[in-house]
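Below, in structure tokens: the form predicted on its own, a single chain.
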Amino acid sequence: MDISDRISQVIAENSVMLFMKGSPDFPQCGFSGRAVQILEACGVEFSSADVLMDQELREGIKEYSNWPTIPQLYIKGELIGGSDIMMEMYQNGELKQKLDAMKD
């Protein structure tokens, strides 16, 4: 299974998936930390993958999504974006709306 297939599988298996640097308990960059805080503020359960532990994943996720930065949030298989987009969506209520819609 190549990295693209692995990423597809992880995204398919997890409704809310965050590719980040570090873990939710110990984020390894400010942007990943902010992404975790936003998701926790929304009160949603999410899965995460630490790209620092897997160099293939770190490069592969950027190619997979055609998005140059990490963190990357996926909801129901859809790339939402990084922490700046997450923050904007959180502030205007769009992120919570998307997450709540997923529960239905």
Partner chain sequence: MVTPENIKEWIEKNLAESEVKVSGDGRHFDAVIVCAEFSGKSRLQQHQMVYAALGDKMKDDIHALSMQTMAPEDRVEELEVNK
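Positions refer to the first chain, counted from 1. Just so we're clear, the structure is a prediction, and the values are computed from it rather than from any experiment.
Although it is not shown, the form predicted together with its partner chain is what the next lines describe.
Undergrad: Could you confirm whether Leu79 comes within 4.5 Å of its partner chain in the predicted bound form, counting heavy atoms only?
TA: Although its partner chain is absent here, Leu79 would touch it in the predicted bound form, with heavy atoms inside 4.5 Å.
Undergrad: Quick check on Ile85: any heavy atom within 4.5 Å of its partner chain in the predicted bound form?
TA: Ile85: yes, in contact with its partner chain in the predicted bound form.
Undergrad: Is Glu63 close enough to its partner chain in the predicted bound form to count, meaning some heavy atom within 4.5 Å?
TA: Contact with its partner chain, yes.
Undergrad: Does its partner chain get within 4.5 angstroms of any non-hydrogen atom of Pro68 in the predicted bound form?
TA: Residue-level check for Pro68: yes, a contact with its partner chain.
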